[in-house]
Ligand SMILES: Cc1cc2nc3c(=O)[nH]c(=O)nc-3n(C[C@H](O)[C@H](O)[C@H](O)COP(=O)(O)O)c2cc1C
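One chain comes next, on its own, written out as structure tokens in the form predicted on its own.
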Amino acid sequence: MPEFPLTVSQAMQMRRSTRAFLPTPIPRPVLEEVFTTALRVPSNCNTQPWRAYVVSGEQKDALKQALIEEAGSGRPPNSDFAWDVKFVGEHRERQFGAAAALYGTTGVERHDRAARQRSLLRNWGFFDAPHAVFFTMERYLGMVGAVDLGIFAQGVSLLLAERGIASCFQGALGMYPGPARRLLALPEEVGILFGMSIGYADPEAPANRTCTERVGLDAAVCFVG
């Protein structure tokens, strides 16, 4: 593992969506340092609309069980925000490619529905991470607030990577918000947009060998002028 601190470029190269964590908790001062530094990210008109909730310990374990029960109940998601996009074209191909890469490294067969369901439910178990983060904002902010929240969360992720700490962005943690809303006592005007599992990566877990492809510069960026 590279020594801290890393450059921004090194942290970008190191960051992965980790799906298996060690139980070792991150020291509270380290978490406070990361989130304090992340508060320096930009936001529209300096509104700073984010509110992150870091859940750990027994409360995290109880929330994990409640989320797994709800997600596994067969009830449809009831997100605070719209998460019902259906990917098409090249986006759908990349979605399927990412799933195939994960199932390939974890030995889940395409037609094994039970194994795929167990793999899916691990999202709501935080992939056994010691900490789960819920990123919230006031509902009225819509897309503008979502952009700011994404920037804030990306800052958190890179600052964690800089310190050798793994993370996984999870839209799934916004799909069944009820248990977390109750734990956090969120008012009706505030919604959970998405979440993140954080901790130290399990180096032996097959899931953490998953590597997804990235498009090339020409497919993603246009230089004009």
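One rule holds for the numbers: they count along the sequence shown, beginning at 1. In this text, all values refer to a predicted model and were calculated from it rather than measured experimentally.
Although not depicted, the form predicted in complex with the ligand is the subject of the following passage.
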* Asked: Heavy atoms within 4.5 Å of the ligand in the predicted bound form: does residue 209 have any?
  -> no
* Asked: At the 4.5 Å heavy atom threshold, is residue 200 in contact with the ligand in the predicted bound form?
  -> no
* **residue 83, heavy atom within 4.5 angstroms of the ligand in the predicted bound form** => yes
* Asked: Using 4.5 Å between non-hydrogen atoms, is residue 127 touching the ligand in the predicted bound form?
  -> yes
* Segment that reaches the ligand in the predicted bound form - one of 59-67, 163-171, 179-187, 33-41, heavy atoms within 4.5 Å -> 163-171
* Among 121, 141, 98, 115, which has any heavy atom within 4.5 Å of the ligand in the predicted bound form? -> 98
